[in-house]
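Only one chain is included here, represented as structure tokens and corresponding to the form predicted alone.
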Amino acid sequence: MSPAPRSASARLALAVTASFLLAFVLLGVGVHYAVSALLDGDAREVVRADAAGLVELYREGGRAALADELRERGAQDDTDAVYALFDAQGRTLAGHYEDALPRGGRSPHWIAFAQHQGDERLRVVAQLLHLPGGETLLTGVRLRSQDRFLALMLRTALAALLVAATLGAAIGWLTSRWVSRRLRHLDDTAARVGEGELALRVPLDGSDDAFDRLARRFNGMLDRIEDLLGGVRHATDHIAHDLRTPLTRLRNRLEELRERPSGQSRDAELDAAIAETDQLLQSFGALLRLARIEAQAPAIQAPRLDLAALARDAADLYTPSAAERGIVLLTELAPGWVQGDADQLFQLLVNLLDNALKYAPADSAVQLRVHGESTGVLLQVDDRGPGIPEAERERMFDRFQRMEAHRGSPGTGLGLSLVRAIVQRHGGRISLGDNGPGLRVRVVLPAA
């Protein structure tokens, strides 16, 4: 036995052809059965009417009249009618019937048998009636016309089957060619992307069929991969550029301390080196958190939570440190239900409040608001600090981006990058604005 074809397109062609033929055969058998039953029913109806007439003749004229009628009909040209009259002992009184007379059974009942005329074999369907005088009347008809019609149907069906097989094979072949051609674009694109052409995309035909939707999803996956790789490359560039200076400075400081004798100044330099090391570790930790958040799937299946409750906890956490500088932390919190990661959303609140309190002047106020809007749940943080010029606002979301005036202050330059990554993972949007004076941060998350 030859093995089954390994090609999916070849198997598809065979499946289409086989399905086409199977459907045709089932339809043909059903039609043949229905037509055969219809013709058989018509033949039985003719026999039943003929027998009723003969029985009426028997009642009016007796056995002799019936026998004469059968002999007269036998002499006529109706070659398909079959008659026979038997006495109580089963002897033939009139007509022709070569086989033994069936005994028993209710009256009337139907029998079927075959007769041969020359080389032709004819099916006969007949009705047996027991007459009041003990005789048995056989009335039947040869199904010559029906059999010829059914034989013609069969020959026509076989010819149609041959045409259907050819047509099915052609359709299967064309279908497999079409499927292969649609998949070839996907396969070629995957192969070239695997070789490094990350910007390549599968062409769309705009039909919105299954292949077009698959290509669109495939392109979306490639966009996501390219974004992640771009983020990794961007982070690597920033690490090389922004962390090289503090690492070099730290190394030089340690080299200098190694040559310096022990004393108070050396201890102070060591403390500064340790602080710089902590700053670097904090930067690496923030980078790691940022990379993990950007690699996570959208938080569409996350649990439902109240953003106002998280904001209240964050405000309680920062109220004491704000009070030390005379800053009043005002809250205006209304229930705002969203779907999201509670830890990440709390991190978002902490980063925004930390930034606001860091740059807000002493004896000022920082306001935290949460309430529902028509477009979602709004989280807004306002401070009275120096703010950010409009031209610089979008750039502040990039890694290690800080205002020149803030370069010497503690911080990693990754806080707003983390905030934007969290917002994007939760399907929201973030914007920086002017609080006149100060900075206004607006975050809108989809309401749950």
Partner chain sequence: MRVLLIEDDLHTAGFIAKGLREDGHAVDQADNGKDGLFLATTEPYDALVLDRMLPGLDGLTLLQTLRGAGNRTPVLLLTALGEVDHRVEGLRAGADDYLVKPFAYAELSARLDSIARRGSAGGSEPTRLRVADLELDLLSREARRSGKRIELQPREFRLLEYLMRQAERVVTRTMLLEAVWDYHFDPQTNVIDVHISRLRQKIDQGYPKPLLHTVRGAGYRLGA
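Numbering follows the first chain given and starts at 1. If you're wondering where the values come from, they're calculated on a predicted model, not measured in any experiment.
Keep in mind that the form predicted in complex with the partner chain is not shown, yet the notes after this line are about it.
Judged by heavy atoms within 4.5 Å of the partner chain in the predicted complex, the contact stretch among the candidates 225-233, 247-255, 285-293, 149-157 is 285-293. Proximity to the partner chain in the predicted complex, defined as a heavy atom within 4.5 Å, singles out one entry of 237, 316, 195, 188, which is 316.
Shown without its partner, this chain lists 209, 343, 363, 72 as candidates; in the predicted complex, only 343 has a non-hydrogen atom within 4.5 angstroms of the partner chain. For the chain shown alone, residue 310 is a contact residue for the partner chain in the predicted complex, at least one non-hydrogen atom being within 4.5 angstroms.
At the 4.5 Å threshold, heavy atoms of residue 354 reach the partner chain in the predicted complex. For the chain shown alone, residue 331 is not a contact residue for the partner chain in the predicted complex, no non-hydrogen atom being within 4.5 angstroms. Though the partner is left out of this view, residue 271 does reach within 4.5 Å of the partner chain in the predicted complex, counting heavy atoms only. Residues from 318-337 that approach the partner chain in the predicted complex with a non-hydrogen atom closer than or equal to 4.5 Å are 318, 320, 321, 323, 324, in the order they occur in the chain.
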